[in-house]
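In the form predicted on its own, a lone chain appears below as structure tokens.
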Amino acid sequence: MKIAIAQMAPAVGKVEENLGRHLELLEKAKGQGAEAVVFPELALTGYELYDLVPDVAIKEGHPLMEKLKEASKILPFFTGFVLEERDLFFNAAGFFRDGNLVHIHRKVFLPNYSMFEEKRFFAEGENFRTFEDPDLGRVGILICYDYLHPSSSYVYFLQQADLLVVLSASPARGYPDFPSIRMWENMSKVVSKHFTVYVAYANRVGFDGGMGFGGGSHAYSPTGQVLVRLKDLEEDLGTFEYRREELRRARILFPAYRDERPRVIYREIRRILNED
């Protein structure tokens, strides 16, 4: 099947405008033969929200949540939004399909250094759970800083994920070579190959306040080969072929899951924690 990555520039706090952009890109991706679409982190709201977080948050039954569900009748898609649960707010990503919200991931690792202040406004997620999709297989979702902790991808590897979907809002740093963008590519090449999994990484572009976002969205095969690479700094839409048979081939060539010893790792982690 063909999966599209929609590299967009959401406007801060303008959820209806951003929803309209989702609809445009879903139709465009459908016209290019895509069967699913990946949008960036907080694509519905913009990133630098600060005190706007409660104003743009949605939950089950919220009109905007229902509009997202309706949009998934065009194509299934992953997107980022602010989720409200019991008066707590989460940087969240959801998978929508056929008029339903199928799965939600709440960002676990919240960056709180340099220009990032997510812990001021968001609660921390508590798990990394795969879900099954009839076309995509077993899927795991990560949100930006989640992905920079290899333990997150490892937990999905132990659940035999076929596809890792990474939604990101990563700034462009280090002009003109942008090593911050290359960092994500290096991560995807290693994770895809050593965990024999497809990786679809969707980063945003544009500006929120003084923060400029890098783009450079991409996808990698389970043998560590780049399948599509979108532009730096500009809005873009790209597609790649997702073949389940390629997963089988990669796992025969490199039987990493077969040879993994999670009980040994678990025992060693417990030992390290108990030393404290």
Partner chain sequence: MKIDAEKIEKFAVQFLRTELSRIGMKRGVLGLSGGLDSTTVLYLLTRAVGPDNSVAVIMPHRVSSPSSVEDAMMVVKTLGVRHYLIDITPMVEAYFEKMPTDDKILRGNKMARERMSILYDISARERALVIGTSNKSEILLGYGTIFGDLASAINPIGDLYKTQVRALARHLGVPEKILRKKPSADLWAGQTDEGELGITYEEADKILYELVDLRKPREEVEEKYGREKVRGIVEKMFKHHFKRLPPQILKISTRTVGRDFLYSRDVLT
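Only a predicted model underlies this, so the values are computations on that prediction, with no experimental measurement involved. Residue numbers count along the first chain shown, from 1.
Separately, the form predicted together with its partner chain exists; it is not shown, and the next lines address it.
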When its partner chain is placed as it is in the predicted complex, are F121, Y175 and G212 each within 4.5 Å of it, taking any non-hydrogen atom of the residue? yes
Report the stretch among 246 to 254, 232 to 240, 35 to 43, 62 to 70 that approaches its partner chain in the predicted complex to within 4.5 Å, counting heavy atoms only. 232 to 240
Should E27 be classed as touching its partner chain in the predicted complex when contacts are defined as heavy atoms within 4.5 Å? no
Would R182 show up as a contact with its partner chain in the predicted complex if we use heavy atoms at 4.5 Å? yes
Using heavy atoms and a 4.5 Å limit, would one call L227 a contact residue for its partner chain in the predicted complex? no
Distance check, L19 to its partner chain in the predicted complex, heavy atom within 4.5 Å: no
Contact set, 3 to 19 vs its partner chain in the predicted complex - heavy atom within 4.5 angstroms: P10, A11, V12, G13, K14
